[in-house]
Every structure is written in C-alpha cells, then in structure tokens.
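Encoded as structure tokens, the following chain is the form predicted on its own, with no partner shown.
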C-alpha cells in the first residue's frame, strides 16, 4: 500500500529548536532540568516529556540550581547504569537540601518502572516516579506533589506511542534527530529487563512518523534515526497497531506496512535527508529491509546488529531466537546485497556458565564478521529477569580479562576498516564542532564513521566531500575537496 494516500502534507511552520518554547503564555513560567542516560530511546522520550510540560509553563534550563523541577531519565539495562543514576539522585538531593529546597526531583523511564515505590517511599530519593508509558500524566503528578501527596505512575500501556506529540529537540545540533517508531519489546531475552520496564511492542502510526520526518527536514534537519527497541518488528495495520499478523483479516493484511515499507517511504521524503535506524534484532531482520537500503542512497550503509555472543549454546540460554549459523547467514546476505555496508554490534561477556570455549567462539565470530565497531559489556544480573534464576558463575576477574580481550580484538578490526578508507573520499554531513578543536568540524560518513576536518567556509547541516588523510581506530581525519 502507498502510504502517501494516508498522509497529510501539512508543514509545521513552527521550527523545533533546542530550547523549550511555551505553548501557553497564560501558564506561570517554571524551569525544568532534565538528564538522560542509556539508550537513544531515553533521549527521545525526554524530548516528549519536554513537549508535554511546555503546556504547563516549563522552560528548560542548563543550570540545575535554578530549576523548579529536575528529572533524570533512567536506564536499567546494566547495573553500572543504575549506580550512575543513584549517584546523580544523591547529587540532586544535596542541591535541594542546601540551595533549592523548593525543587522537585523525579525519576523517569526504565529504572522508575523497575524500582517503583522503593525510590519514593523506602529510600525517599525522589518526589515523582514516572514510567515510560505514563508521561502524559506528568501534569497531574506534579500537582499531586505540590499538594503534599505521593506521585507515582508506572502503568504499562498496550497502546501508548505518543504519536500525536511533537517532541522538543533538547540540546541537539539542529541537524540530526531521533524519531521513535516502536515502543516496547516482545523478544524476552533472558538477560534483559526491557520487556518488563517498557512493556509489549507497539508500532506507531506511519502518518505521524512521515509527518515528523518531513517537518524535521523542512526545519533544517538533515538526518533522522528511526528508533525502537526492535525496529524490524514494526508492523502497522490500516485499523491500528497490532502484532498478530497471522490472525489479521485479508483487508488488514493488504493495508499493512512493515519496516521495509516504512523505511522506503521515509527515504522518499527528500534525497538530502539521511536515514539511519536502530536497533535491529537478528531474528527479525529480513532481506526485504536490506534490499530497501540498497535501493536508496540516502539510507545509510550501516546496520547495528547486536549479537551478544558467538556461542550457539549461550545464545540459546539468552533466548535470542537465532544461533551462530543463522547469524552468519544474515551477515552473508547483508554483505552480498550491500558489499560496503558497515556492521556494528553489542556483545555481552561472561554470561551465565560461559566457558573458555564459548569465549573463543565469540572471538572467531568477530573474525568472521569483522565489525566496524561495537559496544562490549560484562554481564550483570538484572533482578526479576529469567537469567536472574541462573547461576552467575563466571568470576568477575575472568569477565574483565575476557572483556579486555574482546575490546582489543574489536579495536584491531576497527582500525582495519579505518585504514581501508585512507586516500578515499566520502560525503560527510557536518554535525558540529570537533571536541578537541574549534577550528575543526565533526561529521559522519554513511558508514557511521566519525570524521574531523577544517571548517573552511562551511556550516552545520552542509554535506561536504572529505578526502581521508589519517585515522585512528575510532576517527577519520581529512580535508574538504
């Protein structure tokens, strides 16, 4: 089905900026400070929160000491992330105690969903606790606290996608933006808390996705990243979002759109709008998505494809839905259809009962794929997940040793890919200043490789052709030609 028939081609004339704008001048102006941790979805959710609270008279501030309301948007995927959030909450409360006693402190997101009353009642670290599906209730929760009542809402919805809310772009560069297309996850990996903190999968109305991407382009943005815990599971029926394709009617199936369909439509908004997406799950990614990528030059040649382990035995314990052989088959299809496609990964080291043989299989898988880059972590038990009932029997010292070996292995692969780019010229989208020099810009290639180059007469949002002259394992350095 051609999605254009569904769309309303109405351009939002009001530019979305980095600073929150009041939509109701009659509201009393108050200031909000918000920090986000974890996945890209959390950062996207913070922009939704900012939009909702704009109607309550809140503007954003970068100075926490002057804030009336402080939020931390949290991650529960690893123990380290939760420890970081706890330290921030202690810091917030020290400011509240010593300098700003009227300040309200709130926790948003996955950690709020997981810990619920513990934050509010037992530890008394916060005034407000709000789960990922309850952000519309924030005005009521704030009013409750101001009236001396407890404020908590961690209800998980089967329908909420925030499709009608136009996000406020917080602290962005005005060039790249996240666009959420799905929420939740149904895959039930044994190590993961996401299905319990973000609920079941829901797909967002494609009309709202296309409109948001169109508005972003009209407002000067030149790259969008389509977001979801599992973007390849995106599925929309004419009658609404639901996952059960098998039991859908014939008409619903004819009117349905999958991720490849959506990706194709977003790519046609404008050839100068770059498209990225994250995250894919190997068990759900099909060749249709890969073929769609190959048809459009503005869909970036990069796939983030978390593998988690190179051992089929460990993958089965993780309930990943694929084994080593099936993962290799998918990699082969990607490289056959898009030979120059960059591939990145997530890897968990030291999962329950991981042996030295399992570890060596992970190393050999990395050699087979030769990832461009990756994110590698030691396994940490997440309470109430199926894996929490398994024995976490790999010693921390051994986890650290294996992690160091995995990281070193990946760095050599990353350097190999970067060195292959020496002497070649790539189109780069300028995204901001280099962190190390105000005389240089930073941007990325279609492969998601970071590039540093002298500014010249160019500006943010420009596409430039850069010839690569030098590199490290993480960064390319070049000259605009």
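Residue numbers count along the first chain shown, from 1. Keep in mind it's a predicted model, so treat the numbers as computed, not measured.
Only in words, not in the display: the form predicted in complex with a small molecule, which the text now covers.
Contact of residue 410 with the small molecule in the predicted complex (heavy atom, 4.5 Å): Although the small molecule is absent here, residue 410 would stay clear of it in the predicted complex, with no heavy atoms inside 4.5 Å.
Any non-hydrogen atom of residue 107 within 4.5 angstroms of the small molecule in the predicted complex: Looking in the predicted complex, residue contacts with the small molecule do not include residue 107, since no heavy atom lies within 4.5 Å.
Non-hydrogen atom contact residue 320 with the small molecule in the predicted complex at 4.5 angstroms: Contact check for residue 320: yes, within 4.5 Å of the small molecule in the predicted complex.
Residue 78 within 4.5 Å of the small molecule in the predicted complex, heavy atoms: Yes, contact at 4.5 Å.
Interface segment, criterion being heavy atoms within 4.5 Å of the small molecule in the predicted complex, picked from 331 to 339, 379 to 387, 95 to 103, 289 to 297: Looking at the other structure, the answer is 379 to 387.
Non-hydrogen atom within 4.5 Å of the small molecule in the predicted complex for each of 191, 229 and 347: Judged in the predicted complex, 191, 229 and 347 all sit within 4.5 Å of the small molecule.
Answer option from 134, 308, 311, 214, heavy atom within 4.5 Å of the small molecule in the predicted complex: By the 4.5 Å criterion, the partner-contacting residue is 308.
Heavy atom within 4.5 Å of the small molecule in the predicted complex - residue from 208, 264, 279, 233: Contact with the small molecule in the predicted complex is made by 279 alone.
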